[in-house]
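Here's a solo chain for you in structure tokens, the form predicted on its own.
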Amino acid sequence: MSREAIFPARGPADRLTAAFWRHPRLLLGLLLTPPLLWLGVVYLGSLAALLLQSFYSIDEFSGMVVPEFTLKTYAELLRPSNYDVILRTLLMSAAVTLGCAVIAFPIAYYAARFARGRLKALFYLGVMLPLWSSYLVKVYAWKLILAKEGIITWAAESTHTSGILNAILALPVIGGNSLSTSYVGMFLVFTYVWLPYMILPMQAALERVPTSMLEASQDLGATRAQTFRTVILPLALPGVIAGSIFTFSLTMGDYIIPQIVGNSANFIGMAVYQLQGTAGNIPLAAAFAVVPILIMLVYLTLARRAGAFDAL
């Protein structure tokens, strides 16, 4: 019997497989090159171009971009109108993050400590289901819900609680003609849209809290409030911070919800969209875009030190 009958001739695929087996680093390099090129060229390259554009300026007479290094564009961010945009965005992001944390904690705690089997599956389905629907559909649906002729106004009139709703709308700054044209309504929509991003990391962190520590706290005579304050909350804090990374950053960069719901006041996302599109002021748009990047870099550094990434 010939050698070829026992050992068939090796084709190109066999030789390539053998080469990869002998040189595993070569295979690793080939697998990582496409995503690294995408990350380096498309993502980091665009960020570098954005950063570079922010150091340019606009000629006041011609409206053309002057490609010369200057800090003039960043100085424009300190103008009262631009400073108000940044402050307004940060306050809304902080409020949405705090609101999501307060609402998500009892939901996540119940899912982590009491939900089992099918009930836990229903929990995950209920949390994830809103994420499967269109973002724009959800926002426009809330626009109708919050409108003056919407279901919230109808429910307030039916339950004789219109006075409470009118008192909320009469509040200075955050009020308005209706919920759909107020900061209150914008806060509600933001909270609804980003709530799942707070629930899931928080639930994962709460599941890591050992039951033995809760039992030990009870054995030592601690009340439920003391156990929550000294045991549960500190151990769940990384999950809260991890969720806040999503809610805070997503609120800062969103430009669709403030255009559809609210009083048309500018936010950072809207300013970037309008400046680079309608106004054609790309340097100022880039400078605005750098602001949330810097804020999130500081925030992520603090979150990493708090161990939040372990809860992602």
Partner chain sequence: MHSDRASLGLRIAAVAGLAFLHLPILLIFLYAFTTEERTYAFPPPGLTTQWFAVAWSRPDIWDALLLSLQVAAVATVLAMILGTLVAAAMSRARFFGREQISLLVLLPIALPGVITGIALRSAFGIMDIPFSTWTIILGHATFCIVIVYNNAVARFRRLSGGVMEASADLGANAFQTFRYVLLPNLGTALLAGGMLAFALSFDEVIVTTFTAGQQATLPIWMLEELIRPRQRPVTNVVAMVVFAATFLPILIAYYLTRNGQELAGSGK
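Residue numbers count along the first chain shown, from 1. This structure is a prediction, so every number in the text was calculated from the model and none was measured.
What comes next is about the form predicted in complex with the partner chain, which does not appear here.
When the partner chain is considered in the model of the complex, only one residue from Ala95, Ile168, Leu77, Ala141 comes within 4.5 Å through any heavy atom, namely Ala141. For the residues Ser46, Ser264, Ser62, Thr70, the 4.5 Å heavy atom test against the partner chain in the model of the complex is passed only by Ser46. Contact check for Glu149: a heavy atom falls within 4.5 Å of the partner chain in the model of the complex. The partner chain is not drawn, but in the model of the complex it has no heavy atom within 4.5 Å of Ile174. Interface residue remark: Ala289 is counted as part of the site for the partner chain in the model of the complex, having a heavy atom within 4.5 Å. The closest heavy atom approach of Gln218 to the partner chain in the model of the complex falls within 4.5 Å. Proximity to the partner chain in the model of the complex, taken as heavy atoms within 4.5 Å, picks out 122 to 130 from the listed stretches 233 to 241, 160 to 168, 84 to 92, 122 to 130. Residues are counted as partner-facing when one of their heavy atoms sits within 4.5 Å of the partner chain in the model of the complex; in 255 to 277 these are Tyr255, Ile256, Gln259, Ile260, Gly269, Val272, Tyr273, Gln276, in sequence order.
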